[in-house]
Structures are given as C-alpha cells and as structure tokens.
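One chain is shown next in structure tokens, namely the form predicted alone.
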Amino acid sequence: MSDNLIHIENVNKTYVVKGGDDVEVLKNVSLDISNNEFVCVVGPSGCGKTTLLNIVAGLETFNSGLVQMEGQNIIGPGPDRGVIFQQYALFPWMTVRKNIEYGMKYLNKYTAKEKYEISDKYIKMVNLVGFENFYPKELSGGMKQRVAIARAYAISPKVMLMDEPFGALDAQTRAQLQEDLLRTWEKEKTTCFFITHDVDEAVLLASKVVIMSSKPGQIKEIVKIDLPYPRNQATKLDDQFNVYKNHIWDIVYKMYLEVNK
C-alpha cells in the first residue's frame, strides 16, 4: 500500500478572462506528498503556488488532471485538510479559545468538555497560556497566527495547507514561529504543504522543496532536504544547509530574471 497522502497528476488550470486572453496558470503539474512529510513550495510570483494549494484544499477547480487524497478525488473542502493563510482570518468577536474551538463545533463529535480539553492542548502547544480569553484585537500579529495554527490543528486534519503563514510577520517573530511549527510538526506528525517565497524558510522546514517555474506554472525540480530533525535557527549555520539554499536560490533567481526581462 502506498504511503502517499496526496496525489496530484497532470493538473492543468486556466483562468478565463472576460474580454482578454485566458491565463494558463498550471500546466501538467504532478506531485506526490507522503504521510508525515513536510513539503515546501517555492518559485517566482505568479507561478501558481497558491492556486495549487487551493486546489488541494478543494477551494478551486481545475481544468484537467487528477487530485486525490488517500485515493479519493478531492471535490471540495473538508476537515481532513486544515488551511492557514497569511491573513489570520480570526473571528474578532470570539476569544482565543472560542476561535480555536470553532471548527470542532461543526464536526458534531465532541462534547463541550472534549472541545475545551482539545483547545487547551493546542493553546499550550502554541504558547498562548494566559491568553485564552483575549480577543484578536488584543493580540500581536504573531499571536494571531498562533491562534490560526492551533485552530487548524484542533480539528485533527491529515494535512496542513499553509499559504505563506509567516509572510507578514517581522523577522524575529517569524523565526520563532518557524521553530514552534517545527516542534509542533515533529510532535503531531501531521503532513504539511507549505507555500513560501523565502528559500531559507523552505530549507529550514522542509523534508523536500518543490521549485516551480511560471508562465505557466510547472514543477522545475524537487529537492530532497537531507538535514536531520529537530532543526532550529542554528541549522542555518550548517554547511549542507547553505549548499541546499544556494542551489535552490540559483534556480529561483534565474527564473526571476527570465520573467523580468
């Protein structure tokens, strides 16, 4: 039996533009994502990274190809996929705890006591103890993103889909959340599919990095990151880290130059 959780095969996606030329966003994209794997996707702006994530999330359709989770076609959103965007999308009228419990409310399988215990677990995991009854307006950007991460994990998804979740944060907060996410991933063993523009971030987090080219979006190369876990910011000092980073950056930068000729 295959250990592939997500199977993407020859996916094509074109946006129809009224009164203009259609835009081919993805062309013959094929990718397998295994259980417990941490996959990061990098590439120039407009290469279809977010579109691909939204297709896996069931938030967008595609023109042709195959997208499956555990052998079943993905036809829409589902609780087996937790989605985290760059914008936190928290409910401003709900406390931290109520935001985290929100998704469980619609699964109809948890008692109030169980929801409280699960939210408690993830509040501790994302280091928000003491902030349970705070509202989003009372939190920093990094804390809001911790709430979003906890809310996604609370429904016990099989895969976490993250679209540049740390892109709007300052460098220090971003570095801290990268390490927090790595610790959470190592503990929970939930598959992660993570979009980023930051090559350093991709190499630090990923077990493999998918490099996409644009116009239209295609997979240029897949790089296996053979660095031991656990990892932290000190991992960036490793010689092999820099070998991976320089190799990936060289490919991405050359594509950037081609796009901007």
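Remember, it's a predicted structure, so these values are computed and weren't measured experimentally. When you see a residue number, it is the position in the sequence shown, counting from 1.
Omitted from view is the form predicted in complex with a small molecule, to which the following refers.
Between the small molecule and the residues C47, V56, L204, V39, the one pair within 4.5 Å by heavy atoms in the model of the complex involves C47. Taking the partner from elsewhere, no residue among M94, N99 and F131 has a non-hydrogen atom within 4.5 angstroms of the small molecule in the model of the complex.
In summary, the region of this chain contacting the small molecule in the model of the complex, judged by heavy atoms within 4.5 Å and restricted to 231-239, 28-36, 48-56, 64-72, corresponds to 48-56. Although the partner is absent here, Y15 sits close enough that one of its heavy atoms falls within 4.5 Å of the small molecule in the model of the complex. Taking non-hydrogen atoms only, V243 never approaches the small molecule to within 4.5 angstroms in the model of the complex.
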